[in-house]
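Below, in structure tokens: the form predicted alone, a single chain.
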């Protein structure tokens, strides 16, 4: 489903807008409302975090969202059940982003089987090294679930080739060193990184860029530099956290995300 989405967007000369939210922030019922707003605003792929107590790749914004989700009683199973309810309502690819311990505790195969039953289309596991991913990759492949690998600014060509070979759905390019968090602008280093990575991948798999993207201008720059998709997370979570009133929050999400999506329509694609 993820590859089909990218293929369809490519035929229409669009980039993919991928939005990240934390499952259970501020609680699961409100998460459902937030997803409704994101779909209405036109996102192409939804990325949902499963809260974890030691999120090493997350900046303070997403860490705070994880704490709120855990405090509301959310866990891996309740988030997946929530996803199953939303998949019946919205036909949109859903990717789960979480840490390996969340899979390890119930067992990798059990987690993936349940996630597939709930309609999850792909997995991103930031703390799962390529060298230790074979068990997850095997279980994911058995269930036709994409395992999306992450490439860093320091990833060399040989390792990138291995990541491309092991990844399905898309490659997630981390745009800068450090943790997640909105940035003011995309630096020239990031633009050059996107261009180099796109050239190195040579069309083998779609390339999505995340960490630091928060504005329509940054989305357009990422796509114009060669990315097939842009991931927006921290800025969206910051916006969500400002509003307790559901209607007001929905209006703000739709206004913000619609502008992000519009940037994927107008970006000059290479």
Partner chain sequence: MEYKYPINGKFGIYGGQFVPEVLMPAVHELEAAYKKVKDDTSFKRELEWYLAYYAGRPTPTYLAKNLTKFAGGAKIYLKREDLLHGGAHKINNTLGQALLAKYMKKGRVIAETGAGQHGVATAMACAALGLHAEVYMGSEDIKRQEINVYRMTLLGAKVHKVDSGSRTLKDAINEALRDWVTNLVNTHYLIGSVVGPHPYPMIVRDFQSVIGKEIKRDMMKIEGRAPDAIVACVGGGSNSMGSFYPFIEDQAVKLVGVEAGGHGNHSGSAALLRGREGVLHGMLSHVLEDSNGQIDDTYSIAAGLDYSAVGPEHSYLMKSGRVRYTIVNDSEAIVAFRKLSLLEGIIPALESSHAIAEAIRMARDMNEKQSIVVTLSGRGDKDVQTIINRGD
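Numbering follows the first chain given and starts at 1. Since the model is a prediction, treat every value here as computed from it, not as a measurement.
This protein has a second form, the form predicted in complex with its partner chain, left out of what is shown; the following refers to that one.
Asker: Checking a candidate spot here: are 51, 55 and 151 all in contact with its partner chain in the model of the complex (at least one heavy atom each within 4.5 Å)?
Answerer: All of them do, each having a heavy atom within 4.5 Å of the partner.
Asker: Tell me which of 194 to 202, 140 to 148, 83 to 91, 101 to 109 has residues with heavy atoms within 4.5 angstroms of its partner chain in the model of the complex?
Answerer: Heavy-atom contact with the partner occurs in 101 to 109.
Asker: Can you tell me whether residue 189 touches its partner chain? I mean in the model of the complex, with a 4.5 angstroms heavy atom cut-off.
Answerer: It does not: once its partner chain is placed as it appears in the model of the complex, residue 189 has no heavy atom within 4.5 Å of it.
Asker: Hey, in the model of the complex, does residue 75 get a heavy atom within 4.5 angstroms of its partner chain?
Answerer: Yes, contact at 4.5 Å.
Asker: At the 4.5 Å heavy atom threshold, is residue 60 in contact with its partner chain in the model of the complex?
Answerer: Taking the distances in the model of the complex, the answer for residue 60 is yes, it comes within 4.5 Å of its partner chain.
Asker: Does any heavy atom of residue 123 come within 4.5 Å of a heavy atom of its partner chain in the model of the complex?
Answerer: Close contact is absent here: in the model of the complex, residue 123 is far from its partner chain, nothing within 4.5 Å, heavy atoms only.
Asker: Could you tell me which one of 239, 70, 28, 39 places a heavy atom within 4.5 Å of its partner chain in the model of the complex?
Answerer: Contact check passes for 70.
Asker: Quick one: of 128, 79, 95, 171, which gets a non-hydrogen atom within 4.5 angstroms of its partner chain in the model of the complex?
Answerer: Contact residue from the list: 128.
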